[in-house]
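First, one chain by itself: the form predicted on its own, in structure tokens.
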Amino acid sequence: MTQASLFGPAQAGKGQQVCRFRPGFEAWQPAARRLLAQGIAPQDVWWQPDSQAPVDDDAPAPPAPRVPRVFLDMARAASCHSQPDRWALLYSLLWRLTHGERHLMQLGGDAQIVRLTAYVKAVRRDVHKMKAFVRFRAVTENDGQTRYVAWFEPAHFIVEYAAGFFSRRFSNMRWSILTPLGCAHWEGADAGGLWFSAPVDRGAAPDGDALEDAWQVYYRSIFNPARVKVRAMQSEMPRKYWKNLPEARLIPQLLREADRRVSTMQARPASEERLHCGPRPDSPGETLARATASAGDALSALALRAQACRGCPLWEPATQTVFGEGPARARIMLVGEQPGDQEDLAGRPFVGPAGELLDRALAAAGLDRGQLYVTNAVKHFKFEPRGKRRIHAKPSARDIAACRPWVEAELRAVDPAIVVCLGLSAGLAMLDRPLTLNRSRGQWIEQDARQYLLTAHPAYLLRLPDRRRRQVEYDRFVSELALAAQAA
């Protein structure tokens, strides 16, 4: 028995235990677990992959050792490498992980980790090339059905490792990928699914089909002679794959013609330039101007113009402008502070948790939200990123001042008799006077022949930790909204 080894000579030494197993990670795993449970060190094992090795399904499964998930993922990939010492390398790393070197996978300079990483990179690159350069040809089988057959020459034993991608990507057709290192076949999810067979030679695969000419015409049409970088192209599409790619037959000719085609394009007068894909689309600004001009009412036109507002830096991180909504001549206008996370995503005010609480309070106060105009003093979501979350940040006086023209325009367009300010920021934005929430809450304030009522913001109620106090504040909030209902 000969095999390259990490330990000593090129064949099993005296005292070494020979471990015969079916080639593949799934067969190596239980064998490695049994040896690990018996306490057999790596230097005392001679790994001998053998496709004729017996399958001992009835043997009791030893307990799975606790190892990092990253080791399992890398080991599964490295097991596909063509180097015969991969099994000894994986067992040696497994032994070290379970015998005091728990942080082994973090040691990037360790010799065995370096070798494992190199094997994994080589296998994953080979898988990437397989996904990129498999070309199916249509073949009519004896039963009259069509099967799509491809030939590929991998550098490593990746057929089973990569086959799942093709079964998901081409799940609605019957196909076979033939290689000199094994073959994969897909019959459909309801007809046997994925199965594998022995290696074949190139003669078993078709060479061309009825659609190959159309594929070459397509490739020629998308080839850009002005952006040819031969080294970069050969790095991504090495020459060893060209013989099995239908488009590769065109590459030498296209490269020879590239300089001439570029010169022809440069010499063409500007007057001859024209679009080949239809009329040029309008710019975003032109589209917005046309939509604004055709808006049915003043509020719709305002909302469209606000989408292009750049009056403060808040528009850059925000998803979109959140404008007000409601009847054009509502008797009551509700003004909040600013949109939150869910409002920013939906593009509508008060649709998140605070909006749900507001809807419940409005119903308890006898108000129909559909009859109210609801908006915010600030039109963009101000937040601080924390990991994947966006945490609400209080708008500054500058933010409020930048958005004030929009709120004033809404006020003129709706012309409500009553404005309910939800929170102190909304009150400061709407009223030209110093305010405190404790002193002014629940009191009527007249300004410009219009009645204003200051109350709490629903989000404030949600933040109260004490349930009893939250109920008290909620009842007060409902009673203040009822004042607006009675006055209207």
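Note that residue numbering follows the sequence shown and begins at 1. Bear in mind that the values here come from a model prediction, so they are computed numbers and not experimental data.
Below, we refer to the form predicted in complex with a small molecule, which is not included among the displayed structures.
Residue contact check: D399 to the small molecule in the predicted bound form, 4.5 Å heavy atom = Judged by the heavy-atom cut-off of 4.5 Å, D399 is well away from the small molecule in the predicted bound form.
Spell out, yes or no, whether the shortest heavy atom distance between F350 and the small molecule in the predicted bound form is within 4.5 Å. Although the small molecule is absent here, F350 would touch it in the predicted bound form, with heavy atoms inside 4.5 Å.
- Counting only non-hydrogen atoms and a 4.5 angstroms cut-off, does E343 reach the small molecule in the predicted bound form? Yes, E343 is a contact residue.
- Message: So, A354 and the small molecule: in the predicted bound form, are they within 4.5 Å at any heavy atom pair?
- Response: Within the cut-off, so yes.
Quick one: find which of 333-341, 255-263, 88-96, 307-315 has residues within 4.5 Å of the small molecule in the predicted bound form by heavy atom distance.
Among the listed stretches, the partner-contacting one is 333-341.
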